[in-house]
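In structure tokens, the next block holds one chain alone, the form predicted on its own.
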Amino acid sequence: MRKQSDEDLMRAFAGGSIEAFEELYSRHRTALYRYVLRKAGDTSTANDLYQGAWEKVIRGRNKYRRSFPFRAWLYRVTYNHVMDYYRQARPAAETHPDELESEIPGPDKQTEIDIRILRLKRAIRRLPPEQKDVLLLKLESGLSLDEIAAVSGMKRETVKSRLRYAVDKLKKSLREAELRSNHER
């Protein structure tokens, strides 16, 4: 039996097949949630945004066009949903990165890998939003440059450039953190 494509499943779902939706959800839930969590920064907001994104997929099932790759469409819907949320929430006080709860357990349980993961997460949070968006779409969803361009409404070369700048900034930030750590020892 041939595995159905996401596009075929979405067409079946638009036709009323709950099983098709369940399969799409099963295939994409983990990566999509990680993407939303990284964008939101906290689980409470991420849970709301994630649920809202799937609700938009459900409501927009008849607007989906099979000629557009489903995964890119799914991330486009999610990206727009998250951006709408932050546009509406912008007047509220923003949380400063220093106010975020540390993700490292107590000092007795810290390991080198935990410290590196924390440094990477902090470095990603500090990226300019346009670079962070492109990086997270690439890392969390595995979308191609063309698919990211379609999701974000940017040109492919803009996506490529922002991704390159993001990676360069992450490398520099991680090198600086490592040097500071070595100097403190």
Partner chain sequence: MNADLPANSADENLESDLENIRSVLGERDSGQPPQLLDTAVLNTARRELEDTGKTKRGRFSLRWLSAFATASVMILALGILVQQEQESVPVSNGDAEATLLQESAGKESAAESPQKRSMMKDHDQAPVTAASRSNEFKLQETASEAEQLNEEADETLPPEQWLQQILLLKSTQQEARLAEELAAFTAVYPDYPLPPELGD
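Not measured: the values here are computed from a predicted model. Residue numbers count along the first chain shown, from 1.
As for the form predicted in complex with its partner chain, it is not shown, yet the points below apply to it.
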| item | value |
| --- | --- |
| In the predicted complex, the residue from 66, 132, 27, 121 that sits within 4.5 Å of its partner chain by heavy atoms | 121 |
| Non-hydrogen atom within 4.5 Å of its partner chain in the predicted complex for each of 140, 144 and 160 | yes |
| 4.5 angstroms heavy atom contact with its partner chain in the predicted complex for residue 125 | no |
| Non-hydrogen atom contact residue 172 with its partner chain in the predicted complex at 4.5 angstroms | no |
| Exercise: residue 54 in contact with its partner chain in the predicted complex, heavy atom 4.5 Å | yes |
| Residue 155 within 4.5 Å of its partner chain in the predicted complex, heavy atoms | no |
| Contacts with its partner chain in the predicted complex, stretch 52-74 (heavy atom within 4.5 Å) | 54, 55, 58, 59, 61 |
